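One chain follows as structure tokens, the form predicted alone.
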């Protein structure tokens, strides 16, 4: 889903730093949490809060990793904190599918919502209604800036966009037509990253973005739009896919004698899902943060906000358990840390992912 490091060197920080030491930001709801949570003394966290984790869609392996108890994601953190945590959403990564889940959580007496926004504009009326009821709203992975208390940013938005272009430029020797396989056209995070990709491309005048297509975080759709991109633009030499669903679909399309080694691919993916394609040469390098850490951090932040232990003032700090201490930054956001670049030389060192 996270000022940011802007150098390539920063992106090579080991994963252990991503997990245990980033200076992050957190802020609290102006309305606080509803009074149904367990009592707490001044400065302590409430227990028994009802916290609903609402990813873009259920069944998406990225959010399964970010949210579940098994992977030490958001629900694991909530359990450790003594809260009642539930994951809910629609099956499609669309506001029409996600909004009913948010509304249902409000009706069920939520104290806090942890939401990855499919469409900030579409979700805002519902999220604002939640905040007016005193429900803490924390976004993670994909933001809704006008209607939340705090955003848990996976990595610096400029750094993600610029670094993906830099990774591809290195493979293409700074020249060639390229395409982007994104998620939904309305996704806040995707659009922000693509904005910085386009800015970074101005540094490479011989690289040309010929098209951006949208797979909607659906494997079948992502496969189809990747195939269409290659058919409509046979001169393409490289693809960037800033979505774990999209990059896996693109890798499967490119993993053939026709394209392998001839069309470069990079993006945001997990080591578990892309290891095969790195080893056979379909992908030379890609990057990502640890989604489970992102969810874990979001849960701690939401409980701290709902407990009124922190405010939205820049400089406020809180503990996120095993991840360490984080501090409120500009824009009421928390930065998890720089992503890690995966290559053939290091991918076997990581067993998380799907």
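Residue numbers count along the first chain shown, from 1. Bear in mind that the values here come from a model prediction, so they are computed numbers and not experimental data.
The following text describes the form predicted together with a small molecule, which does not appear among the structures shown.
Review point. Quick one: of 162, 156, 189, 89, which gets a non-hydrogen atom within 4.5 angstroms of the small molecule in the model of the complex?
Key: It is 189.
Practice item. Just give me the single entry in 226, 111, 126, 244 that has a non-hydrogen atom within 4.5 angstroms of the small molecule in the model of the complex. Key: For this set of options, the contacting one is 244.
Check your understanding: When the small molecule is placed as it is in the model of the complex, which of 310-318, 325-333, 288-296, 45-53 ends up with heavy atoms within 4.5 Å of it?
Key -> The contacting stretch here is 288-296.
Review point. Taking the shortest heavy atom distance, is residue 300 within 4.5 Å of the small molecule in the model of the complex?
Key: Residue 300: no contact with the small molecule in the model of the complex.
Exercise for review: Answer yes if any heavy atom of residue 193 is within 4.5 Å of a heavy atom of the small molecule in the model of the complex; otherwise answer no.
Suggested key: Taking the distances in the model of the complex, the answer for residue 193 is yes, it comes within 4.5 Å of the small molecule.
Practice item. Look up in the model of the complex whether residue 83 has a non-hydrogen atom within 4.5 angstroms of the small molecule, and give yes or no. Key: Residue 83 lies outside the contact set for the small molecule.
Check your understanding: Hey, in the model of the complex, does residue 250 get a heavy atom within 4.5 angstroms of the small molecule?
Key -> No, residue 250 is distant from the partner.
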